[in-house]
Ligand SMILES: NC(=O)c1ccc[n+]([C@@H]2O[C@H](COP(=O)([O-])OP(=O)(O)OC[C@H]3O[C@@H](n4cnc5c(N)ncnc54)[C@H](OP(=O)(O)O)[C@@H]3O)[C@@H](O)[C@H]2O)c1
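What follows is a single chain, given as structure tokens, in the form predicted alone.
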Amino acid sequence: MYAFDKGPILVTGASGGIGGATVRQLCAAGAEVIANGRNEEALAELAKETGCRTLPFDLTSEDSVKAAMDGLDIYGVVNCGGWGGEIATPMETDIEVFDKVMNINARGALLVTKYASQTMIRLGKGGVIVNVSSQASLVGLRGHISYGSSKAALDNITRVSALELGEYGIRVNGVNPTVVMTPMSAWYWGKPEIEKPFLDTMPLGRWATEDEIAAPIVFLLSDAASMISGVSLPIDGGFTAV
């Protein structure tokens, strides 16, 4: 079991499946967790279930992120907040949707990193940041021009942040999950003409569970990963290795 005794860990996107699973696993491991997300009702249920604290702020607003972080002493961050946008080709993509996806998935994570890292540096105890990216940043996926681009940007935020923050003892890593088959994703990935060819290509041949994504995130937050920084870890059943 990992020890989480260096300070609170902020998890954005905690009202979603992967974020919620991460909060549950961290709380079960004894971490002090601060949960942020868009669905206030889901956050309240998560807090009741796990004992985590909740912190509302808007990932698309620098003023909101800055105000939320002001005076907040944290040791860890999981940037899990995100939005899928649309399924579209480059020829037909809605640029307003593209801008919104980039604004939430890349810019939002950078805003949290900006102000969280300032706090970590001020406290002088190091820290750790885990960015939740996607397999869509590592390979070309049809229809994923906006989402894949935003996650590729997030991967570079991970690498540059690891380079810049390492001197302060702050580690920055990313995870790149495959699809977790939720009702939200089933409308596209559950289509037989989409699902079968995809899973036939994946060596493990099945979708991931939320807990299977959360567990490596928890590992990267822990001292068991104390020499790991700057990586983008696929959690994809081998899909991007093919």
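Just count from 1 along the sequence shown to find any residue number. For clarity, every value in this text was computed on a predicted model and none was experimentally measured.
Heads up, the form predicted in complex with the ligand isn't pictured, but that's what we're talking about next.
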Out of 211, 195, 32, 58, which one falls within 4.5 Å of the ligand in the predicted complex, going by heavy atoms? 58
Of 26, 69, 179, 46, the only residue with a heavy atom within 4.5 Å of the ligand in the predicted complex is 179
May I ask whether 14, 38 and 151 all come within 4.5 angstroms of the ligand in the predicted complex, judged by heavy atoms? yes
Close approach of residue 132 to the ligand in the predicted complex, 4.5 Å, heavy atom: yes
Do residue 82 and the ligand share at least one heavy atom pair within 4.5 Å in the predicted complex? yes
Taking the ligand as it sits in the predicted complex, is residue 184 near enough to touch it, meaning that at least one heavy atom pair lies within 4.5 angstroms? yes
Report whether the minimum heavy atom distance between residue 104 and the ligand in the predicted complex is within 4.5 Å. yes
Which one, 69-77, 87-95, 161-169, 132-140, holds residues whose non-hydrogen atoms are within 4.5 Å of the ligand in the predicted complex? 132-140
